[in-house]
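Next up: just one chain, as structure tokens, the form predicted alone.
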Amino acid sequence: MITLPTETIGSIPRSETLMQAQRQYDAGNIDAATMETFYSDAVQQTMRELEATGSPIITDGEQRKTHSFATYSVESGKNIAPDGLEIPFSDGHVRRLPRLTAGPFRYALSAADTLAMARQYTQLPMKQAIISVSAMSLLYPTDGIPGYSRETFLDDLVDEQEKEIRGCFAAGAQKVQIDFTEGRLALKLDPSGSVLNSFIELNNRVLARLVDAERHAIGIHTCPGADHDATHSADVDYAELLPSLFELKARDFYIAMAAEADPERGLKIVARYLKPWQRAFIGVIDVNDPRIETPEEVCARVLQAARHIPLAQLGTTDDCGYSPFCDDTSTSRETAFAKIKARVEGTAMAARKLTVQRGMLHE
């Protein structure tokens, strides 16, 4: 029987109760201990609902990443200002990264800490999503920081992510997923590819510090962004990104594909550049589409991917997280869980069909 691995990317929409509590905490109306009870309740409920989808490996839904999948590690930091790089989305709205104001750079919160708190709530394997060093490198201002060079900052940043990855494994993560959504964006900011190449090199500095067994438990997620049902770089051709992406020294790659204008072409590019020891988790759920896919639709997308990618190197995922930014309520929790359940069931359906096809070929 063929089995295809299937994994969620990470974020689940927060409940209104959690978001209201976060607003009250930010305004100073509730204390940290009270806020902690809201986080704990949200994590437990989210993990129970993820278990109910039949997912073989789950996350904590990123409920403790207070404002963003990209900024959790520096929020509450004393050397952070809010006026960093602006990232425009296709519907016209803009997200803004923080800006580092002084050194040294240190994480204020590690994903290893949030994983350790969540691990007690499930017996299932867990994965932990972390933000990439290349995304974090964008916090350093273009005009520099007196007395704290960019080179020193990058050294500190690499040290911090190595510590975070090892901490996640120590806390019980079966997989650590590096969110690299800025990969496609890099080509929009700099079509020459030099920024993308520098991002690949920087991430590989971290990955080179890991042993083979650790790198085999590392995944890289790429997508064109997902925020309020809009993207930041969907117009960038995968042919410009994927050859470089697979130069990252990781085994697993989570690649948005369901929302691509021409997924067949995208799959052919994946198949061309995927190395024999790597696995491609293909996006079979469009997280920006409010419609809930049926298991049959998911199955068809999996079978399409299987025509190009060897089964031993194929898995399925969602195109992106469902709420990378905490205030994005464009997708409801109910819809997110229904889409995940459809992915799990559709992937299993495809595995059964592929098993039958393989059996017929060997008769």
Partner chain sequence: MNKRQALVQSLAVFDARERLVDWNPGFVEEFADAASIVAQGVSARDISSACLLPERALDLGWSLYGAPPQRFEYINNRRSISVAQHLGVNGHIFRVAQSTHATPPLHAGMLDENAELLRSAALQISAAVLKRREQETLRLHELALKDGLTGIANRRYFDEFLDIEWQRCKQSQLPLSAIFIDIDYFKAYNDLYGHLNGDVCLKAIASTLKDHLHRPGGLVARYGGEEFTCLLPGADLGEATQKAEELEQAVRALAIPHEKSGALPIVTISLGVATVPCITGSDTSVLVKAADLALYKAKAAGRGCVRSTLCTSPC
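Residue numbers count along the first chain shown, from 1. On a predicted model such as this, the values are computed, not experimentally measured, just so you know.
One more form of this protein, predicted together with the partner chain, exists but is not displayed; see below.
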ask   = Is the partner chain close enough to Lys188, Ser198 and Tyr273 in the predicted complex that each of the three has a heavy atom within 4.5 Å of it?
value = yes
ask   = With the partner left out of view, is Asp91 within 4.5 angstroms of the partner chain in the predicted complex by any non-hydrogen atom?
value = no
message = Taking the partner chain as it sits in the predicted complex, is Ser76 near enough to touch it, meaning that at least one heavy atom pair lies within 4.5 angstroms?
response = no
ask   = With the cut-off set at 4.5 Å between non-hydrogen atoms, does Ile269 touch the partner chain in the predicted complex?
value = yes
query = With the cut-off set at 4.5 Å between non-hydrogen atoms, does Arg205 touch the partner chain in the predicted complex?
reply = yes
request  = Heavy atom within 4.5 Å of the partner chain in the predicted complex: which of Leu100, Ile220, Ile130, Leu138 fits that? Just give me the one.
outcome  = Leu138
key: Heavy atom within 4.5 Å of the partner chain in the predicted complex - the one residue of Ile87, Ala118, Ala173, Ile178 that qualifies   = Ile87
inquiry  = Can you tell me which of 120-128, 240-248, 107-115, 276-284 lies within 4.5 Å of the partner chain in the predicted complex, counting heavy atoms only?
reply    = 240-248
